[in-house]
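Two forms, one chain: they're shown below as C-alpha cells, one block per form, named structure 1 and structure 2.
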Structure 1
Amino acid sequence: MQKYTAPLRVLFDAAERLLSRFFPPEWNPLLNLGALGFFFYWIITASGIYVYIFFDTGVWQAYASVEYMTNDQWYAAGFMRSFHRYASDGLVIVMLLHMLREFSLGRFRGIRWFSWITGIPVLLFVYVAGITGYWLVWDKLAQYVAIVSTEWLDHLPFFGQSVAGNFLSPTSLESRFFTLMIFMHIAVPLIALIVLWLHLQRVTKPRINPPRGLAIGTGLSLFVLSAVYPAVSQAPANLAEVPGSVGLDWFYLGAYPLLENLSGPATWTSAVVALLVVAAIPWLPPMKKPAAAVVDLANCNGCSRCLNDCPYNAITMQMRSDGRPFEGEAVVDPDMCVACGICAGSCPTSTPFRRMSDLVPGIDLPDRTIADIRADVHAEAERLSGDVRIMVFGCKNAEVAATVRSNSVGVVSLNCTGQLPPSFIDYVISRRLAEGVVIAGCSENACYNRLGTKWTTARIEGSRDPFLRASVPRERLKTVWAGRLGARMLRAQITTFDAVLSALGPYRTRHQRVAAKTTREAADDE
C-alpha cells in the first residue's frame, strides 16, 4: 500500500515544509486539519442559527427571505450568510485534505480502521447538509441542485413516486418539500456530530480546537472574504425555465455535471464501488499486526505513566492481580495497541543504567524491546570513531535517521521518538558512548503516533514525567523534527552540532569539571 500513498505523501510533505517557513509548527494549517474542521463546524452552527431566525421555509417565501438578509440586512444576517457559506466550503476542503493526508501517512491501517471508517459517513453527511443548504435558497442554483439530485435519486428503486416529479413545473412544487429540506439541513449535521464523537473515540487527547493563532487567522480570512465577496443568490428559481447557466459551488457540487450527463446506473455503480473501495482501504491488503505492548508485572508498580502517555487508549489500570503491595497494574488491550512504544518510553523502569537485573521494564514491546535498544546503542558506540561521536535516535516513521549513519554517527532506530526513555540520553553521554545525542523524529505537531514528539519534548524540558535529569548537559542534546523529507536538514543540523560538540570537548561529569578546575587553578597558582 505504501507505494500507492508515496506520491501523495511527498506532496503533503512538500506543502507542510513550505508552510512551516511561515507558520510555527503548532499553527501549521496542514497539521491541524481535523481541528480546523471542528472550527468551521462551530462557525457554521453559530451562523446557521442566526440565519435561520430570518429564513422562511415557504416555497415562495424562501428566496425573498434570503434576499432580505443579503440586501436589507447585509451587515448582520447577510454577513452571517456569507460566513455560513464560506465556512461550509472550508469544512469540506479541510475534511477532504484531512482524509487524503491520513491516507498519505498510512494512518488508516491496523486499529486506525475505526477512525477511517467513521470518517466516511461524516464526509457524506457534510455533503448532504451542504447540498440541502443550497437547495433552501431556491434560486437558479437551488433549482439545478434539486432537479439533478432528485433525478439521480429516482434511479433507485425505493421511491414509489418520482421525486423529480415535484419539480416538473411551477404548479407541482409544494412548501412541504422545503420543510423536509430544512429538517434535513439541521438534522444531518447533528447526526454528523454524533459520528464525529465516535470518530474520536479511539484516540486520546484529540485536537478539536485549533491553536489560537490559527483560529484567528482563519476567522479573519473568512471575515475578509465575506466582506469583499459576499455570498449572494442567483436569479430566483423558475420551474417554467431550465436553469441553463449556473454558478456552481465546485467544492460541493463538482460531481453534478457528471450526475447529469452520465447514465444513472453508471453513476450509482461508480459511487457505490468508490465508497466500498474507500471503506475497504484499511484492509487492502490485510496488515500484519505488530505485537502489542506487554506488561511485566514483576517490574510494574502501577504508576500509570503509560496510561497517561498512550495515544490510543490502549492501556487501562486495574486492581493488582499478583498480590504485590501496589494499588493497580497496567493492562494492555492488544486490539487497540499500535506498538508505538510510547508506553515503554514512559516507564520509569526502562532505564539502561540497570545492572542488578535484566533490563525488563514494566511495559515493553516484544518486537523492539528496551533491552534491544540498549544493545543497539552499545553496538553502534563500539563502531564509532573520531573525536566527536554522535548517537542518533531516529523514529522509523520519519525514515531519515539511517541516511546520516557514518563512522562518527551511530543510528539507533525507534518505533517512535516517544519510545526513548530520557535516561538513554543520560546514559549515552555519561557513559561516554558518544559526545552528543540527536533525536530525529517526525515534523513537529505531525507525529505519526500522534503524541511521540510532544511527549519527548516535554520529557526533555522536564515538564512531563519521566524527566530527563537536570544534570544532563542540554548542549550535548539536539532534537531535530525533520520529518520524512528532512534528510538534508538533519545532515545540516548534525554538521552544526558536530562543531558545537567539538568546541565542548569530551564530556566530563560535574565532579570531574570541578576537579579539573581545581587542578588548573593549582597549576596557575604555582
Structure 2
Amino acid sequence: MQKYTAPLRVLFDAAERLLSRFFPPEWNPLLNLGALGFFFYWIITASGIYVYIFFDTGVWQAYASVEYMTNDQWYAAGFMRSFHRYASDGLVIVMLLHMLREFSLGRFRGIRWFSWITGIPVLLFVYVAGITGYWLVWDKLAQYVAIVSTEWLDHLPFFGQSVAGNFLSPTSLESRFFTLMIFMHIAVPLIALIVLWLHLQRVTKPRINPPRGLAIGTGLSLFVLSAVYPAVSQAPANLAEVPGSVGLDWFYLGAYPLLENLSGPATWTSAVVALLVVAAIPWLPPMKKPAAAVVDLANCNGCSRCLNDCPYNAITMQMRSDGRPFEGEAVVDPDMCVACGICAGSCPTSTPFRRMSDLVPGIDLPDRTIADIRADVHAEAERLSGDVRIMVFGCKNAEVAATVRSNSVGVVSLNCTGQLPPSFIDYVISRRLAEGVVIAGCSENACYNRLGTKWTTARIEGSRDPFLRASVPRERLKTVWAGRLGARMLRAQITTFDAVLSALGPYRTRHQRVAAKTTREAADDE
C-alpha cells in the first residue's frame, strides 16, 4: 500500500515544507487541519445562529428574507451570511485535505481504521448540510439543486411518493418543506459533531483548537473575503419555469451535471461502490499488525508514565495482579497499540546503565526492545573512528537518518523518537561511545505518532518525566526535526555539529574535570 501512497505523500511533504517558510511549525496550516476544521465548525455555528434570526421559512418569504440580509442589512446579517458560507467552504477543504494527508501517511490502517471509518460519515454529513444550505436560499441555483437532488432520491425505494413531485409547480411546494430543510440544515451538523466525538475516542490529547495566531489569521482571511466578495443569490426560484442557465458552484456541485444526465441506477451504483471502496481501504490489502507493547510486572511499579504518554489510549492502569506492594499496573490493549514505543521511552526502568540484571523495562516492544537499541548503540560505537564521533538516533518514519551514516557517524533506528529514553543520551556521552548525540525525527509539530517529538523535547528540557539529567552537557546534543525531505538539512546540521564537537574536544566526566583542575593548580603552585 505504501508504494501507492508515496506520490501523494511526497506532494504533502513538499507543501508542508513550502508552508514552513511562511509559518512557524506550530502554525503550519497543513499540520493543523483537524483543529482548523473545528475552528470553521464553530464559526459556522455562531454565524448560522445569527443568520437564522432573520430567515423566514415561507415559500415566498425565504428568498426575500435572504435578500434583505444581503442588501438591506449587508453590514451585519449579510456579512454573517458570507462568513457562514466561506467558513463552510473552508470546513470542506480542510476535511478533504485531512483525509488525503492521513491516506498519504498510511495512517488509516491497523488500529487507525476506526478514525478512518468514522471520518467518512462526518464528511458525508457536512456535504449534506451544505446541499440543504443551497436549498434554503431558494434562488435559481437552489431550484436546480432541489430538482436534481429529489429526482435522484426518487430512484430509491424508501419513499412512498415522489419527492420531486414537490417541485412540479408553484402550488405543489409548501412552506413546511422549508421547515424540514432548515431542520436538516441544523440537525445534520449536530449529528456530525457527535460522530466527530467518536472519531477522536482513540486519540489522546487531540488538537481541536488551532494555535491562536493561526486562528486569528484564518478569521481575518474570512473577514476580508466576506467584505471583498460577499455571498449573493441568483434570481429567485420559479417553479413555473424550468431552470435555464444557472451559475453552478463547481466546488460543491461538481457531480450534479452527472446526476442530471446519467441514469439513476448508474449514479447510485457508482456512489455506493465508491463509498464501499473508500470504507474498505484500511484492509486492502490486509495489514500485518506489529506486535503490541508488553508489560513486565517484575519491573513495573505502576507509575503511570506510559499511560500519560501514549498517543492512542492503548494503556490503562488497573489493580495490581501479582501481589507486589504497588497500587496499580499498566495494561496494554493490543487492538489499540501501534507499536510506536513511546511508552518504553517513558518508563523509568528503560535505562541502558543497567548491568547487574537484564535490560527488561516495565513496558517494551517485543519487535524492537530497549535492549536491542542498546546493542545497536554498542555495535555502531565499535565501528566508529576519528576524533569526532557522532551517534544519531533516527526515527524510521522520517526516513532520513540512514543517509548520514559514515565511518564517524553511527545511526540507530527507532520506531519513533519518543521511544528513546533520555538516559541513552547520557549513556552514549558519559561512556564515551561518541562525542555527541543527534536525535533526528519527523518535522516539528508533524510527528507520525503525534506526540513523539513533543515528548522528546519536553524530556530533554526537563519538563516531562523521565528527565534528561541536568549534568548532561547540552552542547553535545542536537535535535534535528528534518522530516522525510530533510536529508540535506540533516547532513548540514551534522557538519555544523561536527565542528562544534571538534572545538569542545573529548568529553570528560565531572571527576575528570576536577582532577584535571587539581593537577593544573598543583603545577601552578610548583
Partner chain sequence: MMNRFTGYLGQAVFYAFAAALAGYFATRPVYRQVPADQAQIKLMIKHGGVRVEDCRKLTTQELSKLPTTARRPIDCSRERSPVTVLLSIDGEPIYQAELQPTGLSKDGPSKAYEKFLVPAGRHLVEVRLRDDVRDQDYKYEGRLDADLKPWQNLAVEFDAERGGFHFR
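Basically, rigid core = biggest C-alpha set you can superpose within 1.5 Å across the two forms. Numbers given to residues start at 1 and step along the sequence of structure 1. Note that the coordinates shown come from a computational prediction; the quantities given were computed from them, not determined experimentally.
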| query | finding |
| --- | --- |
| Form predicted together with its partner chain - which displayed structure it is | 1 |
| Gly386: Cα shift of 2 Å or greater between structures 1 and 2 (core-aligned) | no |
| CA of Phe159, rigid core aligned, shift of 2 Å or more between structures 1 and 2 | yes |
| Leu262 C-alpha relocation of at least 2 Å between structures 1 and 2, rigid core basis | yes |
| Cα shift between structures 1 and 2 at Ser169, which is computed once both forms share a superposed rigid core (Å) | 2.6 |
